[in-house]
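The chain below stands alone and is given as structure tokens, in the form predicted alone.
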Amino acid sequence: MTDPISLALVGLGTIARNQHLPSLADTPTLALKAIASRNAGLDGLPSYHDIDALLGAEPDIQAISLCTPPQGRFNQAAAAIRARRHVMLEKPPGASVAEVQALADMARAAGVTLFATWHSREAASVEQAREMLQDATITSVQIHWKEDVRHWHPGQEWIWQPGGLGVFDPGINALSILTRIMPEPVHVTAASLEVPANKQAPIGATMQMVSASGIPVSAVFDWRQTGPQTWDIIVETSAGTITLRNGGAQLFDGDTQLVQAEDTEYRRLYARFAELIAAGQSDVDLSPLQLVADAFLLGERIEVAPFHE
């Protein structure tokens, strides 16, 4: 057996504690050895204020997992790549398409792995849905992604600032599934962005898309839904309806449930990261981020009521 790959986690917020830490603990091919975070540390591990301090003090760390907000992540990832460390990026992989492309070029030149992750693609039903749709005659696709921002992102002001994506932070999860299960590319034709008067990023959005062969795809994203949350993708085909529910955890063929499984998305991401490092490969698919960028380019901005926590 080979020794596990030594890894440092940068950013120790909610997603890191709820998903990354337990997933790393269940991934024998990786070993968490250090933390970099401005405001937190982890008992039993060396902790540093920022990635520069970590890189200087921990020359044996082989890989870095970045769980920080997308704004400013380019500099962190670039520093890790220059130090010849493999890098895993939380979604969205960056604040812009071009900066992640630049990181991919840097990683290739440095001979290290860059993994731009899309955790929702690892939901239990996604690959089976992809297989079912490969030879299907798809007639339309609808996305309904609605949740309560106060529950999922309390006090996170960065998410409302330029580069934070607003409602597209969860919405990009749906787009990552869409771009995985569709047998052909889609592009944006129109969008609307509902932006609170006191914020810079949208709280609601709609998108109209179309595939290369003309299949219509529509999406509705909303951060104002209370009560039960909605994360559904409905695919109409000539043979019936295929539905991914609960963010891809459940799969239905008509009324027949085919899949329901527990959440192992981040465990699968970390296993994949270790595999990529071992193979000397990178995985940087920017199609979900490109769709969001195009929605901002083509979207009609609609000012709505101010948002307050």
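Numbers for residues come from their place in the sequence shown, where the first is 1. This is a predicted model, so every value here is computed, not measured.
Although it is not shown, the form predicted in complex with a small molecule is what the next lines describe.
Judged by heavy atoms within 4.5 Å of the small molecule in the predicted bound form, the contact stretch among the candidates 236 to 244, 55 to 63, 255 to 263, 31 to 39 is 31 to 39. For a residue to qualify, one of its non-hydrogen atoms must sit within 4.5 Å of the small molecule in the predicted bound form; none of His187, Ala191 and Pro288 qualifies. In the predicted bound form, the small molecule sits beyond 4.5 Å of every heavy atom of Ala293. Interface membership of Thr27, defined by any non-hydrogen atom within 4.5 Å of the small molecule in the predicted bound form, is ruled out. The small molecule in the predicted bound form comes within 4.5 Å of no heavy atom belonging to Gly171. Among heavy atoms of Gln156, some come within 4.5 Å of the small molecule in the predicted bound form.
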